[in-house]
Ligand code: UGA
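Take a look at this one chain, the form predicted on its own, written out in structure tokens.
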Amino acid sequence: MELTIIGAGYVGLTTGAVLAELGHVVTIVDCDRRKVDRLKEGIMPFYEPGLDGLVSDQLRTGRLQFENEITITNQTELVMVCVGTPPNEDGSPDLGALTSVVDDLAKQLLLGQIVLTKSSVPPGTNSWICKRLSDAGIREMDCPVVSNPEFLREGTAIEDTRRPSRMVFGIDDRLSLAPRNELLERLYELYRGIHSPLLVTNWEGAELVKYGSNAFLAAKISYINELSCICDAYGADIRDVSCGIGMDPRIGPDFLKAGLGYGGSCLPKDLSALAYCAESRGVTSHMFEEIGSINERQMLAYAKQFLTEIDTERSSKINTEQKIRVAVWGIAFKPETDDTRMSPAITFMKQLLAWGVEVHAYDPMAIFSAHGLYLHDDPYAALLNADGLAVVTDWPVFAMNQVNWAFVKETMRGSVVLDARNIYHFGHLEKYGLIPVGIGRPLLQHQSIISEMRGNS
């Protein structure tokens, strides 16, 4: 097939490269001219493992190309919309870019061309797209609209596109059997070579599968983090508790790892959008709001505990007049990406900065700028004279056996290590004279900090 993809972000770029690999002829359009020029040279706008090689390979085949403007030709069989829908201040998704794209398509679409929406959009959006095109004289029968949400994860985007957990097609439920089957056959052709469970539903069903999935994942993370605070209070180890819970096949182990909380461009945005959608239709749901509140409290509670542990150690020393200085390893919201959107690491650092702490940070890929924050290109350089180290993103380079702990202890002024992703063996750190602090793990000092913060929230 010959298709046009609008938007060269994570979804559009990865999907386009994989579809070109499957033999389709793909043109990816983005309004950012500099990004397009760099993509033509094989230079990626973000870090995603393996994507630069895949894009370069497909550029050489001629099946993948990049343009600045939307140009629909007679050969175009399908248009895939992959533009961003960032959150507004009230939690609603900003559909400005989508509206602009739809209006452009209304001027160019030809008979039989399919409009496929991959952007994360609120329920009712694909119906609205259909109506907007209809108002411009383009009937649904002539150019069908399909909701086809994506489920890729940053860091594993290529694998998730090649082998998705499921494929969802949202189709106008007013279509009669013949045109519906014809449309499905063309969609099967698009994804031929990609095998996954398939769900065919209506537009609203597909839209809510996407929002509902991300909201549920956020709920699992907030749940295990709330439970980690109870583990703190009773001396249980959240790692054992989450393992036991995850053994239940009805629950499963995924997203039951306690930490600072969730972040990124998807879970926070889609959770707030779903809450907004519910409220806009008069549906009262306190759950979605509380999921987000737990996430925020988790980051702030452990920022406070980190400083409390540092203060406790400093109180035993003679010279405590120096400003507290800490090292933070990790800025991206998760490993294997340079994405810092809604990163728990940044929320954590901003809180420390607000308390007057001097913060020195390192991340293998991500960068961030803030007053009082010092970035380093080496993890050990960030440790110099630090009163504490917080490991907040579990990059492989920070793994237990990858760190020179003797040098960590020698370089730091203090001894506190906050293991905010529960990746370390405390006994090993203690051998080097370090004071480990974890999330929901036993033998922590000042355990009352968490319950106190929960009670005051």
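The structure displayed is predicted, hence computed values, not measured ones. Quick note: we count residues from 1 along the sequence shown, nothing fancier.
What follows is about the form predicted in complex with the named molecule, which we do not show.
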property	result
R421, heavy atom within 4.5 angstroms of the named molecule in the predicted complex	yes
Partner proximity in the predicted complex: F255 to the named molecule, non-hydrogen atom cutoff 4.5 Å	yes
In the predicted complex, F151 touching the named molecule (heavy atom, 4.5 Å)	yes
4.5 Å heavy atom contact, L267 to the named molecule in the predicted complex	yes
Residue (of M167, L373, L217, L300) lying close to the named molecule in the predicted complex, criterion heavy atoms within 4.5 Å	L217
Which of 332-340, 127-135, 352-360, 179-187 lines the interface with the named molecule in the predicted complex (heavy atom within 4.5 Å)	332-340
